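First, one chain by itself in structure tokens, the form predicted alone.
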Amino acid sequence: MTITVERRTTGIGSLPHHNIDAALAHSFRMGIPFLPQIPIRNPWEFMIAQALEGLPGLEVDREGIASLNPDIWASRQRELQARLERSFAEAPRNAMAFADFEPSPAISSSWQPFLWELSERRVPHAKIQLAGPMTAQWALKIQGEAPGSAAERLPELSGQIYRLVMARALAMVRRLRQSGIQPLVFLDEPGLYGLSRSNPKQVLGLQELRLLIQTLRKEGARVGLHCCSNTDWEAVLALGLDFLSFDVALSLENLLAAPEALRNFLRAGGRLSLGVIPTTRSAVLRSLNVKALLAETLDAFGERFGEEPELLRRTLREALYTPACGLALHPVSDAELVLEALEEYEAFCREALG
């Protein structure tokens, strides 16, 4: 599905700013403003904690590592389950059914100011992002147990995480739609680096992810998935996404190694969100040759799509351009360098593609 915007730059999500206004100012310099996550001022704004707000027994340390106290969860999880069931039952007839699952100021200091700025500026499109259910399930640690044990010992927890992520995503989408704004929802799934279709539980997770994507699309959202690592790209391309977001330097070669799956995705209306500016050291960013980066991207696509020049041009013309990943752990000065490089990349791309 095409997003009609004059400028096609946007961000991944996290920023290094301490100040909400500064983070929003950075976001609104993009062609498509994005909801800033600023965990440097509050570790609850790291992606897993933010997605799972409201999960009983959830804790987060200063580095953003989310963990669960299983005793607290077991004693209170029925309350959350009842809230989720009530919201999903009311959803078809009540536009505000998921309002209680919108991000609170405790986990997203920018959410309400972001909505206000969008309304004041009459912005037609906005990007929001949330940790996807597979990564949220895999990354959450059970206190006192080995990593990755949550799904095995508490299988009902996985289902509750899935529904909680869906409820929060629906709440945000509905809020934007009520304001007349077209939402772009990106599910952040870096955990897919460990995806294996030989694992039945992971196959089920993919099916649930597909259902989540379909549900958000039925609500009128355009849905993307961001994975900043290599994964089973054929499986991901078959999820029914509007946008696939990835780190070009890290993953373009691997993505292009699945040419038929990629062609099918593009011909069905799927679009790419190209993480073209690396999130690297300051010295590297200052000496970055943006025109050479674009030439490398064009050459890589040309090797696979050289016989289909119109598909190639349309793919790159209609792509979004982003940093390779979030910027929370970088200096603010680096975020400015990345934004300048991104604007330069887009300008070169316009010149090359028309």
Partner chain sequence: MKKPSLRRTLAERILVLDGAMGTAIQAKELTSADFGGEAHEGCNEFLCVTRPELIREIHESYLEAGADIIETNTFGGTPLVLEEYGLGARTREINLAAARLAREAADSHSTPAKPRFVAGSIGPTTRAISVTGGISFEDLASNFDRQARALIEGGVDYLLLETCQDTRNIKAALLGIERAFAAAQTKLPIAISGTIEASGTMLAGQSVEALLASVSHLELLYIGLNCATGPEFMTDHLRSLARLSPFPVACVPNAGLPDEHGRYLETPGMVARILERFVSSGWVNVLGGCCGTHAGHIRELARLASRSRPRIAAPPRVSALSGIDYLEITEEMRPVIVGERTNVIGSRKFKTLVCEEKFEEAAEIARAQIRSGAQIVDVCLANPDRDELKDMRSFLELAARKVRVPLMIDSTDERVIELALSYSQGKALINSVNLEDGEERFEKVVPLARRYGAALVVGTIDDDPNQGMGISRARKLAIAERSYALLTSKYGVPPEDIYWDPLVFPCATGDAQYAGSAVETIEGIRLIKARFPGTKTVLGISNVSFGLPPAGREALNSVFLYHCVQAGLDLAIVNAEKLERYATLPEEERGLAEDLLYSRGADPVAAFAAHFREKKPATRAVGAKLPLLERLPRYIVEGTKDGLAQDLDEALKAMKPLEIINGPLMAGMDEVGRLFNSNQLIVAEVLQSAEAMKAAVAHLEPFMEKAQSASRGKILLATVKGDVHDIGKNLVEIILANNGFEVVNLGIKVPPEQLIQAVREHRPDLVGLSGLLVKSAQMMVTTAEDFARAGVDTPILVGGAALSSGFVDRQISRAYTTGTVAYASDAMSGLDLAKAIVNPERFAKLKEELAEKRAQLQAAGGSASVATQEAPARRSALIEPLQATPEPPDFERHVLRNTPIERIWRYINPLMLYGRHLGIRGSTVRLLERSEPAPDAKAQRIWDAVQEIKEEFKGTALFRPSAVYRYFRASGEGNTLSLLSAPGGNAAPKALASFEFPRQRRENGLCLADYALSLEEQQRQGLVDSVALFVVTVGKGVRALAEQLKDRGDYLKSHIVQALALESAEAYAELLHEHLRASWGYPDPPELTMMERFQARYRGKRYSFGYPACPRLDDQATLWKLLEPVEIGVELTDGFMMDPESSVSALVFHHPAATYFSVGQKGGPDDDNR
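Just so you know, these numbers come straight off a predicted model, no measurement behind them. Positions refer to the first chain, counted from 1.
Quick note: we don't show the form predicted in complex with its partner chain, though the next part is all about it.
Asker: Applying a 4.5 Å heavy atom distance criterion, does F301 contact its partner chain in the predicted complex?
Answerer: Looking in the predicted complex, residue contacts with its partner chain do not include F301, since no heavy atom lies within 4.5 Å.
Asker: In the predicted complex, does I32 come within 4.5 Å of its partner chain, counting heavy atoms only?
Answerer: No, I32 is distant from the partner.
Asker: Would you check, heavy atoms only and a 4.5 Å threshold, whether N94 touches its partner chain in the predicted complex?
Answerer: Result no; N94 lies far from its partner chain in the predicted complex.
Asker: Within a 4.5 Å heavy atom cut-off, is R313 in contact with its partner chain in the predicted complex?
Answerer: Judged by the heavy-atom cut-off of 4.5 Å, R313 is well away from its partner chain in the predicted complex.
Asker: Can you pick out, from V123, A258, V203, A171, the residue that has a heavy atom within 4.5 Å of its partner chain in the predicted complex?
Answerer: When its partner chain is considered in the predicted complex, the option within 4.5 Å is V203.
Asker: Check each of N264, Q77, Q182, T280 and return the one that places a heavy atom within 4.5 angstroms of its partner chain in the predicted complex.
Answerer: None of the others qualify; the residue that does is T280.
Asker: Just one stretch in 264 to 272, 209 to 217, 238 to 246, 67 to 75 has heavy atoms within 4.5 Å of its partner chain in the predicted complex, so which one is it?
Answerer: Heavy atoms within 4.5 Å of its partner chain in the predicted complex occur in 209 to 217.
Asker: Going through 287 to 308 from first to last, which residues have a non-hydrogen atom within 4.5 Å of its partner chain in the predicted complex?
Answerer: The stretch touches the partner through S287, L288, N289.
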